[in-house]
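Below you'll find only one chain, the form predicted on its own, shown as structure tokens.
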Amino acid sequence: MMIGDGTEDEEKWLAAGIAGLQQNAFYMHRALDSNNLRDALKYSAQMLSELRTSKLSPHKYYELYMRAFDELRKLEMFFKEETRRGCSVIDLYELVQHAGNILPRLYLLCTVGSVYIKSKEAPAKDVLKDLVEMCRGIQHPVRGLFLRSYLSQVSRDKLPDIGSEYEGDADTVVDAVEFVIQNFTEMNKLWVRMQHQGPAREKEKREKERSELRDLVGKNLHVLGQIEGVDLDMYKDSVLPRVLEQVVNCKDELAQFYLMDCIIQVFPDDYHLQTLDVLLGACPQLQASVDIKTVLSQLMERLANYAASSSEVLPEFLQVEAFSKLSNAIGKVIEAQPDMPIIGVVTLYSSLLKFSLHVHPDRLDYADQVLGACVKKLSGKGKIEDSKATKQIVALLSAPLEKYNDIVTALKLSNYPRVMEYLDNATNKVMATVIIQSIMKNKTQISTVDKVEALFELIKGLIKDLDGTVDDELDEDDFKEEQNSVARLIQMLYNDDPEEMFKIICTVRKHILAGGAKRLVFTVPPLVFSSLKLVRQLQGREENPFGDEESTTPKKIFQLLNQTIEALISVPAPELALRLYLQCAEGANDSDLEPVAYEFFTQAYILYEEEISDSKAQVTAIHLIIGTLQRMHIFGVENRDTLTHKATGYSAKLLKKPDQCRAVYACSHLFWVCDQENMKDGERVLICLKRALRIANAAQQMSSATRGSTGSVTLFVEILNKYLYFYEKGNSQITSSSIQSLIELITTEMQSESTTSDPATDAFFASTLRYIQFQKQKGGAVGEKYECIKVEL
């Protein structure tokens, strides 16, 4: 019955082959045990006949081969014993040649040949030459490959190498190399021939099978790399040219890629360096479909690691002009393959750049040359949209940052921004983020206008909408993260020289104002704070009496800030703008610029009146205004009264009564500033507190009318604490009797049935009473002051 195709059938063939092999191996062992040489040879030949099958895939054939290999090891041991017992190894060598089939005969011949070489009855080179020639008798690709692999395996420790026990005359190494290269050549031919056997529809299957067999061929190159006698001259003049000749002439994509990779991996780095011309010369001759970018990248990576291993080898790189040769070779490869995809081009230049940065870190011109060559190849391609290619461009542009840990060095590369222009908008942002992260990580200081200008040109993808970008495409969280990184970057820009720093601020302002309203809420605040930092830096300096218009002054900075914060109103972001106006007012206060400070307060008040309508935002804003105004010392009486009057007016007009109350009692601090005697008006403090009490009382009445209970007395306890504060600070208008009355009022209210119980308020009041008791127990002036206030704990 015919056995059909398929995995199941193949398993049957393999099982049948193994069964036949094991049966003959059993009889062979019996013959070996009884020292019956003739039967041993007969059954070993029958056992090896199982390897003549053509029905198994390489993977299954390997299983069968390995079982035969194990049996051949035992047979070899028997042959060794026979020679020790007086059997002539030459006769044995002749005897096995009488096997009926050529494949078993050659396996037996290789096995006896191994014993023959060990006996040293004939020069190793003669036996090896005989064996490698006779193996030509098998031209079936799979059977031939495994046979020659067996020959390579049994002979690898018996090559006539320098220092080997099988070393012969002066040309001994040449013979060893000749044997390995001849075996390699024949194996490669068999391997390539596999591709052209069978129907075209099974091409993929054949490629997979060939891929499984590649190590059999590659082992020969490993053996070559381990021959001690192969010095640089022999490698340069004989080994490499012959191996490359086979690689180029086989015209097979799979073989060329794998063997080039083998050459790079198995031979020493210094050999590669000294034979760059020869190795690189073969690259343009390879098939266009060969993944040459990976081959060259691996070569450059090995050479870069070699350079990093010791500083002593660096002169070798200069001597052989490695960078120039690699650069020229890449150019030729790209020319020879006009259809090479963009990712291939970029990967090659990325590897060359990494090589240059590792081997010649001091030669920025080399790095710029690589980037320039890349730009030249990309020109006319437009924005690159292939994600793999853009990823490689990011790797290319990241390499200088990782090497120098300094964006300032990268900014010296004139072609750096030109490469970035080929990135699509999304990847441009990724690269901009990488640049900012590098600056943050290495705490790089960007300290000149030119560098800032160049840097902002690189990160323009983050600071403004690029052509074709739609805001809606971006995730909100991603956008915030991007803009926060820009904000952190702005804080990193610094120069000790005020003039230069002011120019930097102006440059940053120009870029961020062009970034669109959506970004301003993130980028304006850090610019404002950087500017205020410069203002503080200038405070200790005397102004030029001759009034040089070009010099940087706080006044000039504040003018710039006023215009910058105005931009936030269009966003709109009135709450943020108000906060920044108040910060600038404090800066102007510290710089003794009353008109400037007053102007910033005016702007804040206008925003409050015209733009802030949300009640919660109003409460926050009024407390910010009161807090800032309380810290101002620059204002004259008139200006201060105007601003204070406005603040108290705003406080009384808040929507909710509790908010009104808290804002009004906060205003009391505007009339009593401890460290300034001219700002202590006890009467007006008392007016604020009494007004707060009235509002608190009104709040209770409203609560009673709407909810049926007067609610909590929290506001009264808060006002009591304000009374105590000013009482302690020596405000004569706040008397112990008024405090006593307030305590009694709170106590009464808390005991009232209409008051809502609130544990937090109870605890707050109890804590306040304990504080009074504590002050009474202090004794001295403080104790005396509190003595007349009676508390019941």
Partner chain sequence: MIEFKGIVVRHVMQNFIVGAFKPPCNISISFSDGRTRKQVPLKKENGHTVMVPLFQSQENIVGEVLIEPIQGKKLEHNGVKIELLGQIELYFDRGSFYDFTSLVRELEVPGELYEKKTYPFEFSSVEMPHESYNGVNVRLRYILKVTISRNYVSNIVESQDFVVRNYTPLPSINNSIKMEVGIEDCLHIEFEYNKSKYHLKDVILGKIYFLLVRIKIKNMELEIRRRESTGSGPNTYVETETLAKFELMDGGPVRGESIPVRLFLSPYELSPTYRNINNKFSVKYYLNLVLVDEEDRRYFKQQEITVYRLLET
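Residue numbers count along the first chain shown, from 1. These numbers come from a predicted model, not from an experiment. Rigid core here is just the name for the largest C-alpha set that superposes within 1.5 Å across the two forms.
Another form, the form predicted together with the partner chain, is not on view; read the next lines as being about it.
Colleague: Any chance residue 97 has a heavy atom within 4.5 Å of the partner chain in the model of the complex?
Modeller: Yes, residue 97 is a contact residue.
Colleague: Answer with yes or no whether residue 143 is in contact with the partner chain in the model of the complex, where contact means some heavy atom within 4.5 Å.
Modeller: Residue-level check for residue 143: yes, a contact with the partner chain.
Colleague: Report yes if any heavy atom of residue 137 sits within 4.5 Å of a heavy atom of the partner chain in the model of the complex; otherwise report no.
Modeller: Because a heavy atom of residue 137 falls inside 4.5 Å of the partner chain in the model of the complex, the answer is yes.
Colleague: Find out whether any non-hydrogen atom of residue 482 is located within 4.5 angstroms of the partner chain in the model of the complex, and reply yes or no.
Modeller: Residue-level check for residue 482: no, no contact with the partner chain.
Colleague: Since the partner isn't included here, can you check whether the partner chain sits close to all of 105, 133 and 189 in the model of the complex (heavy atom within 4.5 Å for each)?
Modeller: Looking in the model of the complex, the three residues 105, 133 and 189 all sit within 4.5 Å of the partner chain (heavy atoms).
Colleague: Let me know the one among 101, 414, 425, 211 whose heavy atoms come within 4.5 Å of the partner chain in the model of the complex, would you?
Modeller: Answer to the contact question: 101.
Colleague: Since exactly one of 52, 55, 729, 59 fits, which has a heavy atom within 4.5 Å of the partner chain in the model of the complex?
Modeller: Result of the distance check: 52.
Colleague: Have a look at 181 to 189, 455 to 463, 244 to 252, 280 to 288 and name the one stretch with heavy atoms inside 4.5 Å of the partner chain in the model of the complex.
Modeller: Heavy-atom contact with the partner occurs in 181 to 189.
Colleague: Using a rigid core superposition, assess whether residue 196 undergoes a CA shift of 2 Å or more between this form and the one not shown.
Modeller: Yes, shifts by 2 Å or more.
Colleague: With a threshold of 2 Å on the C-alpha, tell me if residue 107 counts as moved between this form and the one not shown once the core is superposed.
Modeller: Shift of 2 Å or more: yes.
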